[in-house]
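Before any questions on binding or motion, here is one chain by itself as structure tokens, the form predicted on its own.
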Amino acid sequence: MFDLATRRIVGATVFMLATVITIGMVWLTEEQRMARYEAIHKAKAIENGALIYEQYCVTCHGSQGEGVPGKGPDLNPGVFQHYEELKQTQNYANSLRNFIMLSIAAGRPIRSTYRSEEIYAEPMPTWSQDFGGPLRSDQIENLVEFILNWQTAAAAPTPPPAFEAMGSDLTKPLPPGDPKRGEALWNQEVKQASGLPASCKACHSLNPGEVLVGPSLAGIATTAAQRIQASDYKGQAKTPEEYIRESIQQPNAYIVDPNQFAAAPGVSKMPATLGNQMSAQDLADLIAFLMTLK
């Protein structure tokens, strides 16, 4: 029989061993538990970020980050490619997360970005409340998580299909236009031959008198003929179709209201690079649709 002192020693030893074993088991599983917690937290942040992106970002950057010509550059994969370029060419030392976060929070004060061939109608605004924007810091972080979620898919981007761009050349012949496909291009139900969505409705309304960034195109088939005959036009004989084509490919040739629709003297708010995104068929179809708007 053990005396009382011996029983106490044995009991204390057993308790200590049980405590050590329990702590050891908790320590062994803590890393897994924290990993699960972080995964759940990240998934929730991405989900919240997707909702914020849908509300604030889709108009300029597209639903999948593919960009909207004339409104905003692609983020998927553009933002990741640009970050790597900055690291390699300018020794940029900040992290990818901070690079994206600062771009969203503080905005970009110019109308061009890493897509140097494009000029956008408006600069990237500030989004953080710290800089006068509408979003809290946690919302900015969620938005960053959502954008970062594209990075794996962006590592090996699929090159856009080859196509012959119309550019600003008004002499290139156009095929017969399909107004139904032109309407689908306008509504972004189909993409241009470049693989990019048409950006028309982002800046132009089809409701009479409604100004978004550019003038309303309600009744453009009729008003095109009137503008050709206006005293401030060039006096050149053009059909309404030719006027609309010139407006798309060479928007600086004639600015409807320079006080309202010019970004600078002689420079239209409408980007001069839209023809670089369009094939002859794209342009013909879009003109054919606009000519139905009497």
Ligand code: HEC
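Just so it is clear, the model here is predicted, and its values are computed rather than measured. Only the largest set of C-alpha atoms that superpose within 1.5 Å between the two forms is called the rigid core. Numbering starts at 1 and runs along the sequence shown.
From this point on, the text means the form predicted together with this ligand, which you will not see here.
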- Message: Would all three of G167, K172 and A280 be in contact with this ligand in the predicted bound form, where contact means some heavy atom lies within 4.5 Å?
- Response: no
- Query: Of L148, A193, A184, C203, which one comes within 4.5 Å of this ligand in the predicted bound form, counting heavy atoms only?
  - Reply: C203
- Using 4.5 Å between non-hydrogen atoms, is A284 touching this ligand in the predicted bound form? no
- Contact between E189 and this ligand in the predicted bound form at 4.5 Å, heavy atoms? no
- Item | this ligand contact at C60 in the predicted bound form, heavy atom, 4.5 Å | yes
- Answer for A45 alone: is it within 4.5 Å of this ligand in the predicted bound form, judged on heavy atom distances? no
- Task: At a 4.5 angstroms cut-off on non-hydrogen atoms, which residues of 199-215 are near this ligand in the predicted bound form? List them in order.
- Result: S199, C200, C203, H204, V213, G214, P215
- Task: Align both forms on the core first, then report whether E189 has a C-alpha shift of 2 Å or more between this form and the one not shown.
- Result: no
- Message: Is the shift of I255 between this form and the one not shown large enough to count as movement, that is, does its C-alpha move by 2 Å or more after the core is superposed?
- Response: no
- Task: Superpose on the rigid core, then tell me if the C-alpha of C57 is displaced by 2 angstroms or more between this form and the one not shown.
- Result: yes
- Checked in the predicted bound form: CA of N276 to CA of E85 differs by 3 Å or more, atoms lying closer
- Sense of CA distance change between V144 and E189 in the predicted bound form, threshold 3 Å: farther
